[in-house]
Structures are given as C-alpha cells and as structure tokens.
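Before any questions on binding or motion, here is one chain by itself as structure tokens, the form predicted alone.
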C-alpha cells in the first residue's frame, strides 16, 4: 500500500535518511491519505535529534524543541519534524512532565492516541501499522492505542478528540474506549477551556455535528457545558415540538451549513428554555423570554470557553433575535428588526429560522415556512430599493447637524436616532433635502 508523499515531504525524509537517520510521515496525514482525504498538514517523525535535524536544513524554527519538534520550512510551508520519543509521567492530564528520546519508531507510535493516528510511512519501508490502524479504518472504528484508561489519563483532551474524529470521519467509538471515557470524563475539567473550544468547534463544523450527542452520553458535555445536558433532558410538551430541547438543537444543526458561527448559534439558541419553562393547567409548556435569556446564556457559555469577543457578540445578537416574528402587515417594524439583526446578517438569520422550523413538529409547518419566505422577500426589497436600515447610511450626519448650529456631544446622537426612526418608518424620506428639513425642526431644542 503506497502513500503519495508531497515533494517537499519526500525531500525532508530522503535528506534525513541519506544522513543515516530514519524518517517517516506519521499520524493524521497517513490516515487521511488512506481515506482518500486531503491532509491538512504533514508531520514527520525521525530518529534524528532536534539539533541533528537543524543541522541538515537551511531554514528551521524551534517550535517545540523541548519536546523534540523542529519546523522545517520548504517553499514557505512549515513541516513539523519530531524526534521519536517516549512521554514521561503526566502530571496534569494534558502534558508529560518530560520526554525521553528513543531510537525506536514503534515506541514512539505506542504513545499516540488512536490506532488510526499511529501509522507511519515512507517509500522505502511502506506503511508501519503496529496497532491495526488500517483494520480500524476499514471497520470505521475509533480505538485507543493500548489501554484506553492509560491514554486518557495521559491526556484528558483525547476523550473529546475521540468524539471529534468520530464526527469528522463518520466512525464509531469502540466500546472499551467508550467505557474509559465514561469513567474518566470528569478529568476533562483539567484541560484548558481554549483547547476544549477548539475540539467543540471541530465537532460542530463536521459532517456529523450530531456526535455532540455522544459527548453528552459519555459525560463530557457535563464538564464544559452542563446547560446542554439539562436541555437534552428537558421535554417540550407543546404541539410545536417533538424533541427535547437538546435534540431539537442537534437536528437544527443538521439543517444548516457546516460553518462555525451558524452551528454555534443552532447549538445554543434554545438552551435557556429549561430556565424559563412554565406549564399551564392543561399541561402545556411555555418558554416566554427564552430568546433574551438564551442570548445571555450563550454569552456566558462562550465566555467560559474563552471564545473571542467578536464571536460572542455575534452569537448573542443572533440568538436574541432568532425567534423574532414582526408582523408582515407592518413593514416599518420588519425594517426595524432587519436593522437590529444587521442587513448583512439576514441571509444567515433566514437560514437559522428555516432550520429551527425543520427541527420542530409538523404543526403549522407550511404557514411557518411561508412567513420566513415573506421575511426573505422583505429583506430582498430592502436590498433592491437600497432602503436605509443602518444609521450610518442616513443622508444626514453629525457634521451636518454641527453645521446647522448644534454643539458636538450626546445630543447629536439623539437627533440622529430620531431621524433614523423617521427613515425606518418611511424609507423615501432618506433624501438629503427632506431630511435636512426635518433635522432643522428637531435640533431647535438643542441650539
């Protein structure tokens, strides 16, 4: 079985071998090539020590030299070259206290997480597969190398990575590996929130975001997103729904494109429903206020997971407005909602609304979808007629108001807000002369 190596990877391996060292492409790049997937990057493992690697190549970077890793630059692309190693004792369920270099490739492969990631290849030897990784690829199984409890005790993040690989590849996690995750799931709390967030996003943007259900079943989400566990266990007793809150979110994710922002929104959009749930005397559940509560909850979760502020703010806005239904017989109110959501965000909001409906029951399905169709038409009309739905697009600005006699300060913002209200109600008034005429009346109390 042959792996087609990129020219630069082949060159690095051949250079190391020509100088008396062993060298192989290793890990995910071998796995992905065997699966006919395009590797994201190519890693190389070698018997050469870091200093020996550096001596053979003109441009190297010490990216992780204490752990044996040197990045070799070829044609502006970096390739990580790591010395065969044995990890020492793990003290924090994430990093080894020390690493010991070894001359034995198999010893290096033994320390890796899953069998499908523990294969190596070069053109001279072919594939080195000491742990039946090829068989597990054929069986579509995620299985630890050796004892799964040992692998997860070494690095707790591997438990979430198991779910991530299942999601990305459409594989199942092997039963002994699953059992170890269930037992050791609480140790995921030792892993940094940033690393957890990276794996979570990779699960969500995969072809199988529903694998977040596996993370729940194995006890992992309880560690980093307990709100999701509550949602998975919250039944929605009303005719609009047929799933629990959590299952509704999972199904909704499957109806949107695999992109970070929209998948996060669909995961989080209803998580506050258990908090605001009330049941009337007929046994019918209501979730009044779940959008604002959900936006606040989404912000808290994303902050806890150390997401960047731009992501947090965007998800907050979209969750807050995901269930808005301004009446179509009040186009001024529709334009105001478009303004609050952001004109540029409307295509995503329309996609969110359709996915939300597709994850509900069949009750009033046609009328719900018809409403979204009408909302999309209203959005397109705003685009086509170039209506002003953003204050910065007013035909009058603060400089104009100052020229008319106003002093710089907060009052200018007040007047611009009033002018914006006028334009939202009648878009045809966003003409400079007409708006200046109205501005002249509005500024009288301020000059």
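Small disclaimer: the values here were computed from a predicted structure and weren't measured. Positions refer to the first chain, counted from 1.
In what follows, reference is made to the form predicted together with ligand ATP, a form of this protein that is not presented.
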Within 4.5 Å of ligand ATP in the model of the complex by heavy atoms, the stretch out of 153-161, 265-273, 294-302, 243-251 is 153-161
Although the partner isn't part of this model, could you tell me whether residue 117 comes within 4.5 Å of ligand ATP in the model of the complex, counting any heavy atom of the residue?
yes
Heavy atom to heavy atom, is residue 28 within 4.5 Å of ligand ATP in the model of the complex?
yes
Would residue 84 count as touching ligand ATP in the model of the complex under a 4.5 Å heavy atom rule?
no
Does ligand ATP come within 4.5 Å of any heavy atom of residue 41 in the model of the complex?
yes
Within 4.5 Å, heavy atoms only, which of 321, 111, 290, 143 is in contact with ligand ATP in the model of the complex?
111
Just give me the single entry in 354, 336, 208, 195 that has a non-hydrogen atom within 4.5 angstroms of ligand ATP in the model of the complex.
195
